[in-house]
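Shown next as structure tokens: one chain only, the form predicted on its own.
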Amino acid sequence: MLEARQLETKLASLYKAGKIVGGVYLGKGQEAVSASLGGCLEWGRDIFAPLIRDQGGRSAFGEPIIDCTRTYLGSAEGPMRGRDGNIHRGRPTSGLPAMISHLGASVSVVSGMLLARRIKGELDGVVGATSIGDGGTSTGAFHEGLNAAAVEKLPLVVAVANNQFAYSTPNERQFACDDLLDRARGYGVEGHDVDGTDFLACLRTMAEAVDRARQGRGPQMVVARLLRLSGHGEHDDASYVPETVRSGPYGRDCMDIAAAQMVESGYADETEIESWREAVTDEVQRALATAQREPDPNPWDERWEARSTNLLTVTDP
């Protein structure tokens, strides 16, 4: 969580300085939900398809921080070789498919990856997970994907960050059901509700959902109640969020709650937490410095080819 917050703070500064091409979308306020989910999964064994506010989950799952800085800064050494949008990065062979902007589509992607494991006899003990926002649960891709996963009884966990706004559209203008968990029940999917600002509650709830999926109980959906503590992206000032919502229970910062819970439980004291913060700040600075020194992609040196059929090969610039 600390790493995600420090990293994204730096990325926001670089964006405002004109050093990043494309949008920057922060997970500020969602770190507890995202990191709890990613931390319950195993790199190289499970599958995790993160969304735009899932840096906490990416780090907890095992994505190297250098993958993030290289992709945002367009380094040719990054996992996408500087060819794709800055948040569309992944390592599919390690269980981290690249993010898809069409919200809801990752539900089907993860389900397909789980089905492929089943066909190959490699599904035992595996869990696939993805994240989505409240607005994304109104898309057709979400409903088709969740229904198919339920029918196939796949070990899928869908984390819904109900941050009260689909970009600028409030919940009351998004859906008419009493609770987003109704959408899980409608497809025969087990649902879980959690306060997304409460770190320990997120840990317990995500662990339960992942365990149930791993035990063969089919898809699980977790709805986390929280507030996005930034705009939709760094281009958005979130002026549409009423002050009554900002000052309400969802406006709490999960980072502050987590630190207090660590101290209260005796897991760490304030001095140790500060040392963690300093350590991740140094790590972030090193990763950014490395990416900034690396070359940009050079189209004249590229070999664009369809490797499976070899129909398209460019050898002479």
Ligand SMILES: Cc1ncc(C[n+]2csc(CCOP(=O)(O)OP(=O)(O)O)c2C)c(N)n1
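It should be emphasised that the depicted structure is a prediction, and the values quoted were computed from it without experimental measurement. Residue positions are given as counts along the sequence shown, with the first one as 1.
Keep in mind the form predicted in complex with this ligand is missing from the figure; the text below concerns it.
Only one of 126, 241, 203, 103 gets a heavy atom within 4.5 Å of this ligand in the model of the complex. Which one? Checked against the cut-off, the match is 103.
Pick from 74, 79, 135, 97: which residue has any heavy atom within 4.5 angstroms of this ligand in the model of the complex? Among 74, 79, 135, 97, a heavy atom within 4.5 Å of this ligand in the model of the complex occurs only for 135.
Just to confirm the contact call: exactly one of 110 to 118, 185 to 193, 126 to 134, 148 to 156 touches this ligand in the model of the complex at a 4.5 Å heavy atom cutoff, so which is it? Contact-bearing stretch, as computed: 126 to 134.
Quick check: do 10, 70 and 288 each get a heavy atom within 4.5 Å of this ligand in the model of the complex? Looking in the model of the complex, the three residues 10, 70 and 288 all stay beyond 4.5 Å of this ligand (heavy atoms).
When the contact criterion is heavy atoms within 4.5 Å, does residue 210 count as touching this ligand in the model of the complex? Because no heavy atom of residue 210 falls inside 4.5 Å of this ligand in the model of the complex, the answer is no.
Residue 142 versus this ligand, in the model of the complex: is there a non-hydrogen atom within 4.5 Å? It does not: once this ligand is placed as it appears in the model of the complex, residue 142 has no heavy atom within 4.5 Å of it.
State yes or no: in the model of the complex, is some non-hydrogen atom of residue 60 no more than 4.5 angstroms from a non-hydrogen atom of this ligand? Residue 60 lies outside the contact set for this ligand.
Residue-level contact is defined here as any heavy atom of the residue lying within 4.5 Å of this ligand in the model of the complex; does residue 229 satisfy this criterion? Residue 229: no, not in contact with this ligand in the model of the complex.
Which residues in 158 to 197 have a heavy atom within 4.5 Å of this ligand in the model of the complex? If the 4.5 Å heavy-atom criterion is applied to this ligand in the model of the complex, 158 to 197 yields 163, 165, 166, 167.
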